[in-house]
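The form predicted alone is given below as one chain in structure tokens.
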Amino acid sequence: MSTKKKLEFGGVPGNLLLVLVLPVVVAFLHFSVKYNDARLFAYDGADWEGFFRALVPTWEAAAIYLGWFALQALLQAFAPGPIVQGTPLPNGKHLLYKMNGRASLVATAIVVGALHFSGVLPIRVLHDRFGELLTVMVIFSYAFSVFLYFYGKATDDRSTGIAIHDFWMGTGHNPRIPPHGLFDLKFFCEARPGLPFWVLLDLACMHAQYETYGFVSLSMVLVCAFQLLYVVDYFWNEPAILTTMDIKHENFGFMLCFGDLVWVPMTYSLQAFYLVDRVHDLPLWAGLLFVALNLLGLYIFRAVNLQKHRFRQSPETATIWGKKAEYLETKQGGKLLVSGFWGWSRHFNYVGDILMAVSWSLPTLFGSIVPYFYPIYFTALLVHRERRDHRICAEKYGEDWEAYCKRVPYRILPGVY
């Protein structure tokens, strides 16, 4: 079907540009750190030949990644875990999701540990073959997105009829295998292949630094610990993902597919890659300050999201800070939370995200802007996401959303924005 609705992310030209350029951005960041002394704009002395040679895919890298993806898919399908009901769909129905992230994470740790300590697949291989793996993962994400495009049209068609936009945004909202089964492809890819692989890349960098210098720097320990804590927290509170914008509103196309499978593990591990060959003294007081900042960010992120999640589960009985949750009732029947952190701003959880992002980069100190790519990009992403969410809600709730915005005037940071 066709639509005259304004297309997101720059329409067809913007969608096509993002599909083509995002893999180049990831590769360029890797080039900058490893082959150009973490410089963005100066290229004298850069090892272009080594960089392009490292990107050549190999069967070994393909076997590693496909084996990894298959392991995570098998764990999602068969590891034990409770069945949880998702938020209501527009037709009033609820999808079911299997929450076995904790069991899968433990099983993954056992398998990876066995492969490493047996010598079959030492974890440092992920660091040494980063370029090969990146190319394999990019090829896989393109191929998987083509599958999602046709599978979505065949099972849950929400396409616009504009091919490149539908490829970018997705043609199906909740593609499942089988179509009415329990294995939700978007829910699976949101975390399973990407988040644990990000942690493994961090550990590979830590191991590479240890083998090179005979010790692990405090900066490396902090970066790896902060990011491991984030991933463990995610799986510990796995059901909270069901109330996020990705799961509730987005179709599943190249945007989320590439983001989940490639962008997250291969760019979020940038700080650890940067630190492998950049060992510096970090004062203990600075390390403690970074720990405090990270824990504050994690607390805000988790506490704010849990308030919303618990409210969505039982809006009539939920309590926040010892009081009954307050909300605005909309004509569509939806309820907009206006108490607790959600009375401070419409997305105070983003403050926690940004604080954590900054704390992950600060241990790299200030020798290059490259390891600060994540907090810079992520802040821009969150502002853009808040704007999209605002537009979606304004269209959905109309005058009720205007009343909500008057009740909660700040978008992210109270008193500032």
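For every residue, the number given is its place in the sequence shown, counted from 1. Given the structure is predicted, the values throughout are model-derived calculations rather than measurements.
Same protein, other form: the form predicted in complex with a small molecule, not shown, and the subject of what follows.
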| message | Just to confirm the contact call: exactly one of 123-131, 329-337, 97-105, 173-181 touches the small molecule in the predicted complex at a 4.5 Å heavy atom cutoff, so which is it? | response | 329-337
| message | Check residue 38 for me: does it contact the small molecule in the predicted complex (non-hydrogen atoms, 4.5 angstroms)? | response | no
| Heavy atoms within 4.5 Å of the small molecule in the predicted complex: does residue 18 have any? | no
| query | Heavy atoms within 4.5 Å of the small molecule in the predicted complex: does residue 160 have any? | reply | no
| Any of the heavy atoms of residue 165 lying within 4.5 Å of the small molecule in the predicted complex? | no
| query | Within 4.5 Å of the small molecule in the predicted complex: all of 230, 342 and 385, by heavy atom? | reply | yes
| Option touching the small molecule, based on a heavy atom within 4.5 Å in the predicted complex, out of 32, 359, 364, 349 | 349
| request: Could you work out which of 207, 278, 116, 308 is the residue within 4.5 angstroms of the small molecule in the predicted complex, going by heavy atoms? | output: 308
